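First comes one chain, alone, set out as structure tokens in the form predicted alone.
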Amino acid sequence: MIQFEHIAIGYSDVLLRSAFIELEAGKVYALIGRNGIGKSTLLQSLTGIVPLKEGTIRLLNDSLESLSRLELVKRIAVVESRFEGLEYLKVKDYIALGRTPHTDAFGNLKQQDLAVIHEIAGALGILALMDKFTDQISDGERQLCAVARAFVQETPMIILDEPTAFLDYLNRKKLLTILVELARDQQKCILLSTHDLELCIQEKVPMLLASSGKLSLHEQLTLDEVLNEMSKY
């Protein structure tokens, strides 16, 4: 699905390096590491904001740098850490924004677009919210709506930047469980930046660990092993 081919990321200095790493379709991967280690920079490199200093990232065999902006948004969807909602913006209209790469210049939705939106909203259990305003629902509900907007974009990869940061424990667990199920059922590759180590271990989520200037992939780690690696800052 996506390969990191001996990449180096950073701004003036290199923050992280990796050997060859491949992330597969059908799985959620937890991007973990201490604050300031380079996790956000990695996500920005994946979305084309920060150029790689070395190496290549490939998605479906194409290097990211070879893709146009439109091609990139058809392959990678992004969920920010928090969506606070907007006055008079209904949930159904917010989710529909994810169809923008697939609509015409006027943003007209076809029956196929509406079917995709309905299917994803049903899978996430938010059909009852569709006619509510986004500023009048809970934080947990808004985050599910943000995930829905990413899924209706119909990209093979989805990136979530600390989407559980403002959620309570039950909503964090619910969201992670849903992501694991949808990744498997829809064969998507999901990269989740998170500090919820215990939940990821419980769900047996593979970990992309940023530590000591290196990026490494681990299928399973115990909490003690994770904390030991992170202490090597």
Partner chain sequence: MKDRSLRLIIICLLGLLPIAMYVHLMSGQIELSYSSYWKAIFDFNNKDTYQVLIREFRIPRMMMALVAGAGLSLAGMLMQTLFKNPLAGPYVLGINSGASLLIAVSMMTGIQLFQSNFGLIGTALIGAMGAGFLMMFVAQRLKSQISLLLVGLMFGSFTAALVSMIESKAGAESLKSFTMWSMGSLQQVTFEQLPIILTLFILSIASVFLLVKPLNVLVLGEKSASMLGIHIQRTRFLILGITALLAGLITAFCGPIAFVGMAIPNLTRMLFRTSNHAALIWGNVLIGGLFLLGIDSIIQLLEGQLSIPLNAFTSLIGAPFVVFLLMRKIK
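Bear in mind that the values here come from a model prediction, so they are computed numbers and not experimental data. Numbering follows the first chain given and starts at 1.
Same protein, other form: the form predicted together with the partner chain, not shown, and the subject of what follows.
The candidate spot formed by 44, 78 and 86 lies fully in contact with the partner chain in the predicted bound form, as each residue has a heavy atom within 4.5 Å of it. Under a 4.5 angstroms non-hydrogen atom cutoff, the partner chain in the predicted bound form lacks residue 156 among its neighbouring residues.
Proximity of residue 140 to the partner chain in the predicted bound form falls outside the 4.5 Å heavy atom cutoff. The closest non-hydrogen atom of residue 125 lies beyond 4.5 Å of the partner chain in the predicted bound form. The closest non-hydrogen atom of residue 73 lies within 4.5 Å of the partner chain in the predicted bound form. Counting a residue when any of its non-hydrogen atoms is within 4.5 Å of the partner chain in the predicted bound form, the hits in 129-167 run 133, 149, 153.
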